[in-house]
Ligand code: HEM
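In structure tokens, one chain follows: the form predicted on its own.
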Amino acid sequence: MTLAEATADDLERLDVSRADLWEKNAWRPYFAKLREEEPVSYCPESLFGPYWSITRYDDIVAVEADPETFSSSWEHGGIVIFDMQDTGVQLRMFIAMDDPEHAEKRKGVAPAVAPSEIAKLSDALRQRTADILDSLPVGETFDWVHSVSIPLTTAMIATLFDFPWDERHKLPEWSDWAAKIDIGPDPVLNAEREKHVFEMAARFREIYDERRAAPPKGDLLSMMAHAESFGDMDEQRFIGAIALLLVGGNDTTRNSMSGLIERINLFPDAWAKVKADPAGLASGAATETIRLQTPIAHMRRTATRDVELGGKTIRKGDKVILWYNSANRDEAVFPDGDRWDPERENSRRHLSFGYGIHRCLGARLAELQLSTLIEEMAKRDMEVKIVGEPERLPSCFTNGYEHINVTMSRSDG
């Protein structure tokens, strides 16, 4: 049976969480089929147990806009497709909480990414970006992920935390392991994950206690340490808070920076337009990249009551997966949705940052990092060509890359 021949019953059983679909970059036609024919569908069997797939834009917005019916709380399973309650790392992060605790903790760190604070970071960000781009080898093959995306995002997250600079290399490794939710069902790999996450927590706890004993400063850890809503967190809440800020500030922007390279290879004419007018198009190119990459492919909610959605009855306790990667290609909202169009008027409506009360706090900072990279690449008239096939993560959560080998040319004038 081909996908085109799939019946409604086949689509109801379709498991789009399979790692191979993501590793092989083969997921798009499956989600297109679901959007068209079964936008609210139930998968009874998967590595992560049964779940509902929500694939259209308007349905996802409706779920996000009703947090009382569709809970984010770790107490009901959390925000990812894998149930975290029975593991040593339960990720009791504030994005995996319902109000009022969610709102209280969110308010405690929000000032760190306020527009005034982001503005203070822009000059140093631009200089770091310029230095890295100028250091890249011309005409030689190198890995964009490890030469550009990881160094830039690691430097930013170290700055936000005021993390010891000579230890910043630990941050991407900890972030990667914290985000590996797909390995949860494997006891061996999950034990390895927990080892790295507890190491992360121990080092951050040392710094957190130091900041708490010192006068308040403007970094994220100091804000947390002096915020009444954080205070004496239990171990799981502390791990969750750090993991959320680390993964949110690192993996997501990193994979958008890497996804940019795929976009400019697939749409060279659009890239030529951006280079000709970076002041006018860099921002649109950044939001289009974030839309199409959708670095966090899904979030999960749990139904707190029986509810009708899209003509289907979702039962209390059911796992509801919001596929942002699919919504961001919904033709009803984004015509020709797979096309990278820096001039697209509504690209900022994408759901890569979520919607409603849980919308990403660092959205503007992520956009700044990506638009700065695009502006600096355009300034150098850079052409970056992919060599071979990118190596992708086998993950239905972190939609990203292990490696992208490229060659590059630039103007040094």
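From a predicted model like this one, the values you see are computed outputs, not experimental measurements. Just so we're on the same page, rigid core means the largest C-alpha set that superposes within 1.5 Å between forms. Counting begins at 1, following the sequence as shown.
Quick note: we don't show the form predicted together with the ligand, though the next part is all about it.
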In the predicted complex, the residue from 163, 324, 208, 271 with a non-hydrogen atom within 4.5 Å of the ligand is 324
Considering the ligand in the predicted complex, which of 62, 360, 43, 384 comes within 4.5 Å of it through any heavy atom? 360
In the predicted complex, residue 275 touching the ligand (heavy atom, 4.5 Å): no
Does the 4.5 Å heavy atom contact test between residue 170 and the ligand in the predicted complex come out positive? no
Contact test in the predicted complex: residue 337 vs the ligand, heavy atoms, 4.5 Å: no
Though only this chain appears here, would residue 253 touch the ligand in the predicted complex if you measure heavy atom gaps against 4.5 Å? yes
Non-hydrogen atoms within 4.5 angstroms of the ligand in the predicted complex: do 95, 248 and 355 all have one? yes
Pick from 260 to 268, 95 to 103, 199 to 207, 329 to 337: which stretch has non-hydrogen atoms within 4.5 Å of the ligand in the predicted complex? 95 to 103
For residue 78, is the C-alpha shift between this form and the one not shown 2 Å or more after core superposition? no
Any chance the CA of residue 324 moves 2 angstroms or more between this form and the one not shown, core superposed? no
